[in-house]
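Let's start with one chain on its own, the form predicted on its own, as structure tokens.
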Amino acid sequence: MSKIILTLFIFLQSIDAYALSADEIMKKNEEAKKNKNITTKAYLITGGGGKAQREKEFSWWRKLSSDTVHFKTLTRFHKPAEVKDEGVLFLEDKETEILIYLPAYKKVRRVETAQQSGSFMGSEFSYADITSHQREDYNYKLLKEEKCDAFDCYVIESTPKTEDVIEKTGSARGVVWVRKDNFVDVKAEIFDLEKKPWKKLVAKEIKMIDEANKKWMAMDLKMENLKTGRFTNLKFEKVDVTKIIPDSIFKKTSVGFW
């Protein structure tokens, strides 16, 4: 009997030795979504809270920078008429620079750090939500493991390491559910500066868009504001990862004149 107990103890120790830490899980999560080039058509559909539903159509280009950490993203809006040709350029680095082109005024406006927690084009997504969150900006804690829909998931808590990250995101805490099979997040809860529930994100239609490199992307992201009842669906279609996007698209002059 003692040999059986000893063998079981050694076996359990070996399982624990190979268990992933919260930071390792989030590193795999980051890698699973790190597509080098994405060209796609997208929609922002906002409704709820007693207000009429609105839809905006735009094109989206996202490219991984040469540092293989940060992304450059350009959005160009087509519909409705009041936002036609408006563009938003995201240049991620240690400090993210966001530029908005307003064709009616033929001007480019900078979104300062303190404003990046504000609404992206009238949606429930903030400018900070659109940028890729950098793993090194957060401390992570594995809260538990549980089923989410039909998948086994890790439940990870994130807390910003610095006041700068809190200022940019407007959030002091987050919880994310990460699938065990592919390490893609399927939902998240975002808490405000007082650590009260603020927004909820649900990812659907998660597809492998680059089989060679095993990269994934959610085709439908729903962000719900728990305080106002408003929601926005960010939907993607006609995703192309084969086109090499030229760096010239992401020049600061491109946001207004490309």
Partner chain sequence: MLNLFKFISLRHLFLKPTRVLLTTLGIALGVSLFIAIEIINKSTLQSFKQSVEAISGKANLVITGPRVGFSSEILDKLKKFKEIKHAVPMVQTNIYFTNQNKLNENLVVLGVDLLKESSVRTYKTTDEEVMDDPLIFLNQPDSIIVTHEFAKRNNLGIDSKIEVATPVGIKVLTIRGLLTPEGVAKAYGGALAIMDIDGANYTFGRMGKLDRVDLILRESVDLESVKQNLSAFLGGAFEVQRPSENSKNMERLVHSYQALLSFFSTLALLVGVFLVINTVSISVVERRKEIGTLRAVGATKISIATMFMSEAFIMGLVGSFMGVFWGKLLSHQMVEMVATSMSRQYVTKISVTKIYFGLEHVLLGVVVGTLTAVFAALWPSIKASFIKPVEAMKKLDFNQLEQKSTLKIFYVGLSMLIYLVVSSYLGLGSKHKVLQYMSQGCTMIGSALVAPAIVTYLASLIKKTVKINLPLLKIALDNLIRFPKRTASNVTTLMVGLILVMMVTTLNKSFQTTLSNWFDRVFKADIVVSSSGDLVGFQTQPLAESIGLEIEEKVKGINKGVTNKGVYALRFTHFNMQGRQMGIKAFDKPDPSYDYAMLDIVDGPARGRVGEKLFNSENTIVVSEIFKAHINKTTGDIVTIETPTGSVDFKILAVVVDYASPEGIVYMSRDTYKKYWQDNLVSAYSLTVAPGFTVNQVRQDIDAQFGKSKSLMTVSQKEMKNNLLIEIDKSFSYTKAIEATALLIAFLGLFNTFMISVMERLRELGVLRAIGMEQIQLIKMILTEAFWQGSLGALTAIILGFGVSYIFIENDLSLILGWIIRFSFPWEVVGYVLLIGIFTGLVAAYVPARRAAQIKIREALEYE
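Residue numbers count along the first chain shown, from 1. In this text the structure is predicted, and so the values were computed from the model without any measurement.
Beyond what is shown, the protein has a form predicted together with the partner chain; the following relates to that form.
> Exactly one stretch in 197-205, 48-56, 63-71, 33-41 has heavy atoms within 4.5 Å of the partner chain in the predicted bound form; which is it?
Among the candidates, contact is made by 48-56.
> Is it the case in the predicted bound form that 140, 151 and 175 each bring at least one heavy atom within 4.5 Å of the partner chain?
Answer is no for this spot.
> Could you check which residue among 171, 115, 126, 182 gets a heavy atom within 4.5 Å of the partner chain in the predicted bound form?
Looking at the other structure, the residue within range turns out to be 115.
> Pick from 91, 165, 186, 111: which residue has any heavy atom within 4.5 angstroms of the partner chain in the predicted bound form?
Only one option qualifies, and that one is 111.
> Is there a non-hydrogen atom of residue 86 within 4.5 angstroms of a non-hydrogen atom of the partner chain in the predicted bound form?
So residue 86 counts as contacting the partner chain.
> Would you check, heavy atoms only and a 4.5 Å threshold, whether residue 136 touches the partner chain in the predicted bound form?
Answer no; every heavy atom of residue 136 is more than 4.5 Å from the partner chain in the predicted bound form.
> Heavy atoms within 4.5 Å of the partner chain in the predicted bound form: does residue 121 have any?
Yes, residue 121 is a contact residue.
> Mark residue 147 yes when one of its heavy atoms lies within 4.5 Å of a heavy atom of the partner chain in the predicted bound form, and no otherwise.
Outside the cut-off, so no.
> Can you tell me which bits of 92-110 touch the partner chain in the predicted bound form, meaning any heavy atom within 4.5 Å?
Residues within 4.5 Å: 100, 102, 103, 104, 105, 107, 109, 110.
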